[in-house]
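Shown here is one chain on its own, the form predicted on its own, set out as structure tokens.
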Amino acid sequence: MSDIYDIAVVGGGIMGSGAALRLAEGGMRVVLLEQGDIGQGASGVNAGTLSLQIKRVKLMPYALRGHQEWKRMGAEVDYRETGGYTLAFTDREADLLHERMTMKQEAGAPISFISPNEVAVREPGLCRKVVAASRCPSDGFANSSLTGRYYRHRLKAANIDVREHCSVAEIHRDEPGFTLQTSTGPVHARRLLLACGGWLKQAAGMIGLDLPVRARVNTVSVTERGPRLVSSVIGHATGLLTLKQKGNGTVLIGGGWQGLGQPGEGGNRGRVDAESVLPNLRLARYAVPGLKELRIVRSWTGFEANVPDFYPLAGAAPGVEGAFLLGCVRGGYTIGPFISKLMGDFILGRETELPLFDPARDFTKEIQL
């Protein structure tokens, strides 16, 4: 056993890469293992939305800080603070919008309510059937396809041993910690961090944990280039639509509509379900009528892991000394750069700025922060 790392990080998305950087800054010798390319799982195939209006209330402090992390990344990830609107088209949706956004206001998000007439003036490309709307000036987006390039550059600059296309087949406990059997040979480390997104359940199983991790298969679509239709991030009161137009004129459409497949069933990203995509596109076209003139160029999917209470797993692996878990962060694209720093601080034995989320908790109870 000639080469022993202080910690092996499994997963090269935002969570794993961000934690690896924090650990290296703290003086640890880190190896990062990624089965594909850095930042090309869920971190690289999502719509890039950075909207505080779609974050869970109790995660708002994490989202606000995560938003600041993206702002600091700036042009390297094509960060844009465009502001965002969430729309309601019926009285029932208006009630839902008011209830949800009021709670998010109280949690610290800079959200306000504006009249339909004001929305029409600011975003003339939206339909005229808006009955209520909220606005958040901090909303925006980044280019998720640049996530991998950004983190790969930083990981290399930090002299972290990054091994892409390196899958982990088995993990064994031994002295002084863990041996990981990988597709490129064994890796020895004193500690272990599993941060592998949709594959977290399978990886945790290698150290004897049966976690209630499930995977959603979120769908994103993109149009051909077209004239300017909207300048802000557009959402719907139900949460079933996010939409933004990039600088090149293409429109990205998401909203959590579900595709097909699960991690381990073949393919790393799931499959598009036309029956699910169509209502997503109809809602988008209703909100932005000019979309009817643009063709959909491509739709794709990516896995998003969660547990029954939909709060993150971030902390020590229960019953496995020296092992840690990070994943299942709803809104992980926004929150990831911040919570990965918290995770690094926790492993380094530092006091964390905000509480983490104990993976050993009772998932049937409301979480206490």
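In this text, residue numbers run from 1 along the sequence as written. Computed from a predicted model, the values in this text were never measured in an experiment.
There is another form of this protein, the form predicted in complex with a small molecule, and it is not shown here; the text below is about that form.
Just to be sure I understand the contacts: of L33, A314, A323, L52, which is the one whose heavy atoms reach within 4.5 angstroms of the small molecule in the predicted bound form?
After the contact test, the surviving option is L33.
In the predicted bound form, which of the listed residues (S145, T102, S167, S115) lies with a heavy atom within 4.5 Å of the small molecule?
Only one listed residue qualifies here, and that residue is S167.
Looking in the predicted bound form, is the small molecule within 4.5 Å of a heavy atom from each of G66, A109 and M343?
No.
With the partner removed from view, which of 79-87, 118-126, 153-161, 216-224 is the stretch that lies within 4.5 Å of the small molecule in the predicted bound form, judged by heavy atom distances?
Heavy-atom contact with the partner occurs in 216-224.
Give a yes/no on whether L229 approaches the small molecule to within 4.5 Å in the predicted bound form, heavy atoms considered.
No, L229 stays farther than 4.5 Å from the small molecule in the predicted bound form.
Could you confirm whether V10 comes within 4.5 Å of the small molecule in the predicted bound form, counting heavy atoms only?
Yes, V10 lies within 4.5 Å of the small molecule in the predicted bound form.
Give a yes or no for G197: in the predicted bound form, does one of its heavy atoms lie within 4.5 Å of a heavy atom belonging to the small molecule?
Residue-level check for G197: yes, a contact with the small molecule.
L59 near the small molecule in the predicted bound form, any heavy atom under 4.5 Å?
The answer is no: L59 has no heavy atom within 4.5 Å of the small molecule.
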